[in-house]
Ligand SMILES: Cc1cc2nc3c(=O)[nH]c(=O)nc-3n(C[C@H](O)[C@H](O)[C@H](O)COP(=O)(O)OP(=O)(O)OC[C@H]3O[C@@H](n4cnc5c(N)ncnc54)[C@H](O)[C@@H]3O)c2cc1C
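Listed next as structure tokens is one chain, alone, in the form predicted on its own.
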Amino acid sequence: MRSNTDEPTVVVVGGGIAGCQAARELAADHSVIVLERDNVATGATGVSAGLIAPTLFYGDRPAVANYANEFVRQFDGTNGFEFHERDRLDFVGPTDRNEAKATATELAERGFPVAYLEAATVADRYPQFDVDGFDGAVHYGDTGWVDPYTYTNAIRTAAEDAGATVEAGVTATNVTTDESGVTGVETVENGHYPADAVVLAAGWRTPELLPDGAAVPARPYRTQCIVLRPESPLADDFPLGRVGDEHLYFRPEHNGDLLIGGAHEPISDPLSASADADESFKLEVADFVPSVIDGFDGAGFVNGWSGVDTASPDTRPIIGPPPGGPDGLIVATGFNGLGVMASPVVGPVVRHHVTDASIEFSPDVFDPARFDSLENGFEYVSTSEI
């Protein structure tokens, strides 16, 4: 199924936000085919909260954070996509005060709009919160959220406009190789797709598709979200937030409802994982939210769901050639629930590895080989409080 053009062919396996971003970046000068076993944005991407907070997670890599922040703002308004900018509060207890203040100071010194707010300041600025029990909060002024389905399909459209082809309902089974490197991808429905390069962006399935000799330390885990309807719609300036001690995060919905996520649970069989939110998680949220946010004593349950994402040992994505892999093979996996937020960097990092093109930031933080020094397995750091 190689294109009739003379351009090198790249097969991207996975139609989530990572695969679509890789396709968009490569399509200008490659014949790109995206293979998705279901539909675009129906996996981990589609069930995510769509949070955008690059400064929080990449503030120690300012060039990465700035690139991701600028991308969503520049792409805003393209193909029906909207970025909803909103402040974020990460609530802090007394024992975490000093570390949180130091973090806020460091990020501010790097030029980010971040500050530590004392509890009284939080209560004055955001009166809908009950700050009893909190010392204060780290305030981020460059955060927001997107609808992950709309965002991914906007990126998909951009990729198709540049010449990429997206084929849904095609299940990849393995990467084919010869002595020179990758030769393509084998599928259940359509047989073999020849390729000069292959990008595996298939979430938790990525390690299963690697050829013999290649490996990446990525494992599946289950996370959950529910939506509550308060007694009155949330205010237009209601912020994103996180309470780390509770391992819960939240953001407003467009209609004034509240989305709450959390519950990081490693699993061994993703295919059997429930797609519904657990009753225990619903009860945890029902107990927590009224104690922190006004107007939820009589809140109604709107809906809830669960999804399977992929963890890396250090919470940062794994993007690049996998150790032991053939020439022409790139992976993009291990996004730890942050795939939508980190997606802007996927395209340039993948392009860098496929074409040796220059890049605005160092891709080393995403290098799969960074785990080579670890022995006898990995300790995975939870991002359940994103």
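Model, not experiment: these values are computed from the prediction. Numbering starts at 1 and follows the sequence shown.
Absent from the display: the form predicted in complex with this ligand. The rest refers to it.
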> Are Gly59, Phe91 and Leu248 jointly within 4.5 Å of this ligand in the model of the complex, each by at least one heavy atom?
Replying inline: no
>> Just to be sure I understand the contacts: of Val114, Leu258, Val170, Ala214, which is the one whose heavy atoms reach within 4.5 angstroms of this ligand in the model of the complex?
In response: Val170
> Of Val345, Val340, Val331, Leu26, which one comes within 4.5 Å of this ligand in the model of the complex, counting heavy atoms only?
Replying inline: Val340
> Does Gly136 make contact with this ligand in the model of the complex, using a 4.5 Å heavy atom cut-off?
Replying inline: no
>> If we define contact as a non-hydrogen atom of the residue within 4.5 angstroms of the partner, is Ala18 a contact of this ligand in the model of the complex?
In response: yes
> Is Gly320 one of the residues lying within 4.5 Å of this ligand in the model of the complex, judged by heavy atom distances?
Replying inline: no
> Would Gly307 count as a contact of this ligand in the model of the complex, using a 4.5 angstroms cut-off between non-hydrogen atoms?
Replying inline: yes
> Want to guess which of 201-209, 280-288, 75-83, 266-274 is within 4.5 Å of this ligand in the model of the complex, heavy atoms only?
Replying inline: 201-209
>> Within 4.5 Å of this ligand in the model of the complex, counting any non-hydrogen atom, which residues from 42-62 show up?
In response: Thr42, Gly43, Ala44, Thr45, Val47, Ser48, Ala49, Gly50, Leu51
